[in-house]
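In structure tokens, one chain follows: the form predicted alone.
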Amino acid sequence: MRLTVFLLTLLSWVLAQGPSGQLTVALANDPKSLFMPRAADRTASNVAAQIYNTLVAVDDQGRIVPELATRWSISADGREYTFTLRTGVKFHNGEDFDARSVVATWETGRDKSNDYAGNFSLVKEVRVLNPTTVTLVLEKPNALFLNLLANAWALVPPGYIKQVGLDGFSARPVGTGPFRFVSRSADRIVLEANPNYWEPGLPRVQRVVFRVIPDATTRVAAVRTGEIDIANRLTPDLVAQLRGNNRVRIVSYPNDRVYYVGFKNIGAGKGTPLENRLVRQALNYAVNRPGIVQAIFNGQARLVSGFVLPGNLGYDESLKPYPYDPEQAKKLLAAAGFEKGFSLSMGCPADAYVHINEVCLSIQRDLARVGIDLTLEFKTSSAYWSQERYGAVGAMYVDSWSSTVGEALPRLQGALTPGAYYNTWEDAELGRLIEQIATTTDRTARAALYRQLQRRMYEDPPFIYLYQPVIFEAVNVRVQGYKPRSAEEYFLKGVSVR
């Protein structure tokens, strides 16, 4: 009993101290936007997530839990979600959070200029029943709608966003989250603790500084000297240099992310050999992915056979990754009428991912061996993702897509739904299967649909399937409570520094 009283007293004392200290986090690339519907990649969404709240959240065990909605109900047909909203919450600019905020979030989120407008346009109506109750009406049932709300629907203040517009809001975002925006310059973003945050005892640090440091070697040097506290997307060889450093701990985990070469059958890909199924199969045989994993990642990555990963719902383990077989690739190219090869270009996001430049160069060399002359287009991540459907580059491109929900559906929808911002491959049958998965609430039936989809994506591949990486991060031992998740997400409100 005495111990319990002591611990409760200690906890009360800690909470009463308020946020303190500065946490400095390195970013591997410059976030395109901090407005969540335009946060193009994980780096951007990780920074933005500290500023906002959503109606519901996903906890560390993967459960849906209340956030700005305290409870909810779902209609029998799965199309209407009614939420009771938390009261007494204010945005960083002083506006009250209420049902008008939900409407503004929906209206601004579905703006066609946004990268992820589709996350909002699937709701056809927002009914305001009273200031603290709203109903979201979907066009059709969506098996992962609550997960989508947790990941994408960052609540915005209606008065401010109307006043400054979407571009103005992106420049100085306002939310209800644990940290509020202070400033942004060429190489850093500064946030500070929200003094009126609604969760007792949070956040625990006073200031968060994100430093844009594209070079992984520089990130390691900075964490070694204590200049930064957290550095992610490190290579195994760089991490090895930190072993034995008692000021740094290493965090590693399998990443729920697929790296791939995307093909286009629209835009720059229209009329190219990529439209031929045999050519796309040949390219999968032609790239020496086992060599990439061993030589570039020191074995710290796993070959993949598609967009559904081990551990994802409906993973089909009978499908093995395409083997490296350049002779088979040549046979397929000849059968397709391209025995003399052809020339194309391939985009590469130069500063976005670990070893991505080396990966692109390796692919270029491998395809040259089967007669394909590939011109590489290296671009900064902000330029790379600046245009719809990768319009800044040619018929092929390298990218990756993560999922935060334990299923492949978000990356399938993002990469293969016709009309989506980053969709470059249109296939009516794939679109139909993805739509079925999205609207099927029974998990067993959904798993069967995933397996059917994988088979088709394997036999008629819209991508070269590359690898699933292991993530390595370096964290200063003074950082407490830092828990990244499998899709590289992190939430800093519970993190403290000693």
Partner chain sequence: MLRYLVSRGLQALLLMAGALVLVFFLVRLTGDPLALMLPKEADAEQRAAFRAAMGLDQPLWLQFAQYLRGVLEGDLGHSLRNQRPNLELILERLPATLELALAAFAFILLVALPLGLLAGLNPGGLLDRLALGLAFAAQVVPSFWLAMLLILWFAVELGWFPSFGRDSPLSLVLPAVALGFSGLGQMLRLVRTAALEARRADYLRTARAKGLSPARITWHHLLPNLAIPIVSVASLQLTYLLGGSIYIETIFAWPGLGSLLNTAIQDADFPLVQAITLFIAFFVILLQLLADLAYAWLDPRIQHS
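Numbering follows the first chain given and starts at 1. Throughout, rigid core stands for the largest set of C-alpha atoms superposing within 1.5 Å between the two forms. This structure is a prediction, so every number in the text was calculated from the model and none was measured.
What follows is about the form predicted together with its partner chain, which we do not show.
This chain lacks the partner; the member of Val212, Leu278, Val137, Ala334 within 4.5 angstroms of its partner chain in the predicted bound form by a non-hydrogen atom is Val212. With the partner omitted here, the residue from Asn130, Asn246, Thr225, Gln163 that has a non-hydrogen atom within 4.5 angstroms of its partner chain in the predicted bound form is Thr225. By the criterion of a heavy atom within 4.5 Å, Gln364 is excluded from the residues contacting its partner chain in the predicted bound form.
Contact check for Asn298: every heavy atom lies farther than 4.5 Å from its partner chain in the predicted bound form. With a 4.5 Å cutoff on heavy atoms, Asn142 does not count as touching its partner chain in the predicted bound form; it lies far away. At a distance threshold of 4.5 angstroms between non-hydrogen atoms, Ala117 is in contact with its partner chain in the predicted bound form. Highlighted residues Asp187, Ala221 and Ser400: every one comes within 4.5 Å of its partner chain in the predicted bound form, counting any heavy atom. This chain is displayed without its partner chain, yet in the predicted bound form the stretch 416 to 424 from 416 to 424, 75 to 83, 142 to 150, 311 to 319 comes within 4.5 Å of it by heavy atoms.
Superposed on the core, the two forms barely differ at Arg184: its CA moves less than 2 Å between this form and the one not shown.
After superposing the rigid core, the C-alpha of Arg86 moves by less than 2 Å between this form and the one not shown.
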